[in-house]
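Taking the form predicted on its own, here's one chain by itself in structure tokens.
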């Protein structure tokens, strides 16, 4: 074998090795990109109008209401206003009297479920007593339901029809007029 043939074989071997390594690298990069894009899109899943509201169960802490626990699926047949709020949120506090003023009128057809995100139940009880709230207030201690619904700004409210389908999602405080409009949309 001549020196020239040895160099050509070595060069061909290096070209094949480079090709195989490039193919393996391209496959690995493609798999990494696929995994990143899939996870990014999954984390961004947000429930919108037309989606079925995900079920949850939380303990009711309002002593002015007879429910002990609130499971969303148990409220089928009624419209549901699912409101995420906290005592430290001024817009949340502003809309609470509107919710309370409409609750006696609609409570046979619509259930208000106020999901509180504060850390201390003592603070929540003070707030409930201050505003004399009678609708169910549940405490999402670990923010599990907040994460499930991908809630960002407070207050955020989901209006759910009697079949468990989200009719509307509202980010920010509601006026009395808007609240009553949404109640009429979800009333059975």
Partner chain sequence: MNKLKCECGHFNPEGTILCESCGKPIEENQHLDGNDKSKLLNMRYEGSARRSLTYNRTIVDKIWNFFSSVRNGVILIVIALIASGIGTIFPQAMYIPANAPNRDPSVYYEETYGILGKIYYQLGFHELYSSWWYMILIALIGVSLVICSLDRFIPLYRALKIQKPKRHYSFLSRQRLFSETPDFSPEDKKKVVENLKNMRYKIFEQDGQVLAEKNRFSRWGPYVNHIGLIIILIAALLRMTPFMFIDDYVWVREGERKVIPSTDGQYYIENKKFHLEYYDEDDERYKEAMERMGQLVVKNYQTDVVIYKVKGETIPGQEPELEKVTEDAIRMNEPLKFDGYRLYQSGYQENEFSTMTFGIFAANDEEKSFGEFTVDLMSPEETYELENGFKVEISQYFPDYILQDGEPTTQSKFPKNPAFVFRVYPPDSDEPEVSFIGIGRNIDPTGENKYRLGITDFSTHYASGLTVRKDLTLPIFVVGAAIFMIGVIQGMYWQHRRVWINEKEGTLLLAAHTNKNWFGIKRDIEKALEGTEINMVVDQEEEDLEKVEQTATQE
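In this text, rigid core is short for the largest set of C-alphas that superpose within 1.5 Å between two forms. On a predicted model such as this, the values are computed, not experimentally measured, just so you know. Positions refer to the first chain, counted from 1.
The form predicted in complex with the partner chain is left out here; the points below concern that form.
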Please tell me which of 151, 53, 58, 128 lies within 4.5 Å of the partner chain in the predicted complex, judged by heavy atoms. 58
Does any heavy atom of residue 64 come within 4.5 Å of a heavy atom of the partner chain in the predicted complex? no
4.5 Å heavy atom contact, residue 100 to the partner chain in the predicted complex: no
Residue-level contact is defined here as any heavy atom of the residue lying within 4.5 Å of the partner chain in the predicted complex; does residue 144 satisfy this criterion? yes
Heavy atom to heavy atom, is residue 109 within 4.5 Å of the partner chain in the predicted complex? no
Residues in 5 to 33 with any heavy atom within 4.5 Å of the partner chain in the predicted complex: 6, 10, 13, 14, 17, 18, 20, 21, 22, 24, 25, 28, 31, 32
Any chance the CA of residue 122 moves 2 angstroms or more between the shown form and the other one, core superposed? no
Residue 22: Cα shift of 2 Å or greater between the shown form and the other one (core-aligned): yes
Spell out whether the Cα of residue 177 moves at least 2 Å between the shown form and the other one when the two forms are superposed on their rigid core. no
